[in-house]
Structure formats: C-alpha cells, structure tokens
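Starting off, we have a lone chain in the form predicted alone, written out as structure tokens.
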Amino acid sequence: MAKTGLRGEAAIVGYAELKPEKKPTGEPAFTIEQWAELASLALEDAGIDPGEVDGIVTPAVAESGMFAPATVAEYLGFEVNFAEHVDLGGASAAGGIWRAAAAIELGIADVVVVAFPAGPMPMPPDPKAHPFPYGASSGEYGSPQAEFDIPYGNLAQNSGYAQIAQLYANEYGYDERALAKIAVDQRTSACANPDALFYGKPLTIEDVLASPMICDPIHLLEIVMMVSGGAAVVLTGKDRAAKGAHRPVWVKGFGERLTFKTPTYAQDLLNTPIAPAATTAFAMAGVSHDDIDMISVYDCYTITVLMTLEDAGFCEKGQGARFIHEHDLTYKGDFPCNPHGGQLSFGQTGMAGGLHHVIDGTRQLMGRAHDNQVANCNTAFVTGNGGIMSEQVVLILKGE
C-alpha cells in the first residue's frame, strides 16, 4: 500500500520559549502582545524576516471571542494564505504543527508561525464568569456537561484522571512507586534545565508519595503546576530550511484521534485515542518504536504518561509499571522521556504546555539542549493530549 499523509518535507527551523513563572514579573501583557513577542523571537531564532510569514496557527486569544487568526494577523501586520485556529485542548499545539506542515507541503504557505501565548488563568469571584465554570469546559445552557455533569460533581481534570487511575488499578493493579518514579525521573531532567520551574529542586519517590492526596490515587506531586509563559515555532519548506542556522527538524508523520469530550460519554477509558493516533503516525513516518531516540509526551498527570507508554505501543497493556521500573527515563537514561522536565517539573504554561513538548523534541534533534542533551538523538516521538485523554495528537519528528 502506498504511503499516505505527509511527505516529510516541512521542517521546524526555529523556536522560542518564555521561561515559566509561578508569579509573573513585569507588566501584564495582552495575548496578542505575547503572540507578537513570541513570533518575533522564533523568527529571529530561525533567521527569517517577518515579511516572509504567510501562515499562522493560533489558539483562541483573549482579546477576541472569535476570528482569532484575523485578530493576530491584523495586530502583527501579516497578510497570510493560511490561517488556522486549533481547539483541541492540550493537543492543540501538536495539532497545529501537522496542519502547518501540511499547508507547506501543499504549497499554500512557505513560512508558518505557530505561537501559543500563556498567562495565569483568571480567577473571577463568580464561577460562571470563569472560562471553565465549576471546572467544566461547557457550562452553557443546553450542553450535556451542564445538564448531566455539573449538577452531580463529575467535573474537572483531577477527578477525571483519578477515575482513569482507579479503573486502571481495578483492571491491572496500581504500582504507586512506578507512577511516582515518572515524576522523579522528570525532575532529575529538570534539574539539568535552568529554564525549568523546579530547576535545582531534586525529588524522591518518597517525596511524591508523602505529598497530599488530591484525588485518590493521585498525589499533589503527580499533577502539573499552572504557570505563565508561552512558546512559538517556525516551520518552512525544504528549500528554505536548507539555508537555516540550525539543523532542520522534519515533521515526518502524525496521527490525530478524538473520541469523546468528557469521561461520562467515553466507551472505554482504559483504551485511549493515543493508540490509533500513534499507529497512524508511525506508519506515515515509516519508522518503528526501536527507531525512537527520545519521547516527549504530554504529562498533565503521571497516569497520562503510563497510559501513553502502553497505548502508543512502547510496552504491553498493563505492563507500564514494569517498563518504568526497568528503564531510566531521565535525559541521560536508556529511554529519555520529557528531557526538559515535562510539564510536571518544567511547568504547565496553559495552552502553550503542549508546544513545549514539541520544542523539547526539536531542541534535542537540533542538538541545542546543552546540559540535558540526549546522546545521538535523531528521531523523536511527541504527543499532545486534550481533555481527559480524549483528544490525542502524535508527531514523529526527525533531524536529518
């Protein structure tokens, strides 16, 4: 059967990250101001003039209830042929990458900026005014979540991921030390990354298990910390990429799968959309699991990492704990996972969190990770996760 999908002829050639901050310093910035700053930094890193940009990918922006791409383009003075607003939660950034790569391969655009600003989540006193009222993403009248979830308390991410963990424990058993080791190994990597929120703050398994139980069986130190920050990348085609200052990182394959929105309506919480997304990505890229040199997987919770390892095919279902114990997941280990520290230790910069995973893989493939550089790194597996394991995007990136 002939290969379908991307040809692998679009590359990430530059990136920018704002250092995550628990308490933002400086003057508060509008989303579009952050967008402009991130785009400028990423284009400078790529060595590309802003006048060459003819494509943009963005999440929602706070300054506009709709027309987000037009709002951004107008503010930055861009006139583009490709404008995309991606709304897949934590999978939005990874989803934006393959859409940008596809636009370049189709000849729609030559230079695409994918930027995801992130600031601290506003917390108004009236929960109805919050972007996620009562911890729900759809509190509007008439939505199934408003009618069937909010009144009964089946809300928010902590409870949703705890449900998955409890179901997993019932089916396969639950090794809490293995789950804690994920956080510990990623903290070890973060301690080699000066930009990480928890840089210089090592962690032990005992520390994780001694931290408060937030939603049984998930402890405090198994959950991301929301911080301010932001990230952006620049993609272009093969001719322009060959002239860049850095090793091009080619988008070789992707998979995307969305099966439900809230756990209430999931047919099977233990078999996630990661599996078909990963299968598609590996087939499109023409690589196997043995070809992967590092993974950067969305890690809002430790259980998310374990489920990803299993459902993406790195180990058998139910064998995730054994796999974690048998492998060193740090940047210097035999199975590097989130060498930038992951969102658990780098920090979760809101909607930009997923783009930091893309940059994590990109930085390693470019050989620019400095003290936490993975040795002989040429192929990366990257994921984005939205909702409660409901929206999944997988990318295969390759440095050539």
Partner chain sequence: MIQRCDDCESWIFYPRSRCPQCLGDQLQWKQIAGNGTLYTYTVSRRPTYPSFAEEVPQRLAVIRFDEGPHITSTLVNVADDAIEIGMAVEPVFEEQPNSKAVLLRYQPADESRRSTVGKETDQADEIADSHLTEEVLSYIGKVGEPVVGYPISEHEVRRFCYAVDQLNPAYVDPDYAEEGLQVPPAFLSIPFDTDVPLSELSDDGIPAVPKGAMMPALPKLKRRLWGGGEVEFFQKMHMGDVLTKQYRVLDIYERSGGSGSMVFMIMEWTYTNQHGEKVAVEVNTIIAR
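Given the structure is predicted, the values throughout are model-derived calculations rather than measurements. Numbering follows the first chain given and starts at 1.
As for the form predicted together with its partner chain, it is not shown, yet the points below apply to it.
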property: Contact label in the predicted complex: S288 to its partner chain, heavy atom within 4.5 Å; result: no
property: 4.5 Å heavy atom contact, A162 and its partner chain in the predicted complex; result: yes
property: P151, heavy atom within 4.5 angstroms of its partner chain in the predicted complex; result: yes
property: Residue contact check: G77 to its partner chain in the predicted complex, 4.5 Å heavy atom; result: no
property: Listed range touching its partner chain, judged in the predicted complex by heavy atoms within 4.5 Å, from 316 to 324, 192 to 200, 206 to 214, 300 to 308; result: 206 to 214
property: Proximity to its partner chain in the predicted complex, single hit among L167, I108, A283, L258 (heavy atom within 4.5 Å); result: L167
property: A266, L221, L88, A103 - the one with a heavy atom within 4.5 Å of its partner chain in the predicted complex; result: A266
property: Residues from 179 to 211 in contact with its partner chain (non-hydrogen atom within 4.5 Å) in the predicted complex; result: none
